[in-house]
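Before any questions on binding or motion, here is one chain by itself as structure tokens, the form predicted on its own.
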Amino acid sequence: MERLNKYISKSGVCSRRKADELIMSGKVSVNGEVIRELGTKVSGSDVVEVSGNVIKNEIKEYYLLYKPREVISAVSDDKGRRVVTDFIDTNSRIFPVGRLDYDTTGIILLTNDGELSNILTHPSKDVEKEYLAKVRGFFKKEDALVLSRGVVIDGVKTKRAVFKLERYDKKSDASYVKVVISEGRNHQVKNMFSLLGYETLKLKRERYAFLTLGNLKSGEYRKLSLKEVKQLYSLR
């Protein structure tokens, strides 16, 4: 037996918090009876419905994909563009954990585990993400210090980060900058560079928490090991 909100979250439908909202709003039923009590417990033999749809606790799957450029971090796209789930060979209803911009490459995780997704994307968790950014012009040391200490974007100051010049290509007048952030705000890295007048030419996420791309090539993926999944859960 386990709590109903956990059962719903484990099915990949939504997070526990969202499951609580669905329960209180009368959109969840167990064996045909609408349930509004948050402490209700269910077993694998119970028939659980959310908004009229029967849900099942599928075997959990966890993938690390090297996302190529011009791919949407979603399960579908109304414009017919490629999405991250197109690259994974599975029949399960997996979804991306967080997102990468259309033209950003690198690590993205996909799973059908709503509980783990909620842990990793919750603003309080400070999961580190490391990028290699290519920006136009020479990236000045004083600008690296400013961005590392945090800047105000849309009225909110960014958390402390790492901005470090890796190398400067004089021929192409471009700097390669290591960036480590622990937030997941939309277009955050690009917006931070833009605030100081730098145009981001390329952006690649090379690390997510302790996970790296390893020997993967663009468009390739691998399953996470049980040990890696447990390590991600430990971030709770």
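In case it trips you up, residue 1 is the first one in the sequence shown, and so on. Please read all numbers here as calculations on a predicted model, not as lab measurements.
One more form of this protein, predicted together with uracil (URA), exists but is not displayed; see below.
*Asks:* With uracil (URA) left out here, work out from 118-126, 136-144, 96-104, 152-160 which stretch has heavy atoms within 4.5 Å of it in the predicted complex.
*Replies:* Only one stretch passes the 4.5 Å heavy-atom test: 96-104.
*Asks:* Given that the partner is absent here, does residue 28 sit within 4.5 Å of uracil (URA) in the predicted complex, heavy atoms only?
*Replies:* Looking in the predicted complex, residue contacts with uracil (URA) do not include residue 28, since no heavy atom lies within 4.5 Å.
*Asks:* Evaluate residue 203 for contact with uracil (URA) in the predicted complex, applying a 4.5 angstroms cut-off between non-hydrogen atoms, and reply yes or no.
*Replies:* Yes, residue 203 is a contact residue.
*Asks:* Is there a heavy atom of residue 182 lying 4.5 Å or less from a heavy atom of uracil (URA) in the predicted complex?
*Replies:* No, no contact at 4.5 Å.
*Asks:* Is there a non-hydrogen atom of residue 69 within 4.5 angstroms of a non-hydrogen atom of uracil (URA) in the predicted complex?
*Replies:* No.
*Asks:* Which pick from 41, 56, 187, 36 sits with a heavy atom within 4.5 Å of uracil (URA) in the predicted complex?
*Replies:* It is 187.
*Asks:* Relative to uracil (URA) in the predicted complex, which residues of 204-236 have a heavy atom no more than 4.5 Å away?
*Replies:* Residues within 4.5 Å: none.
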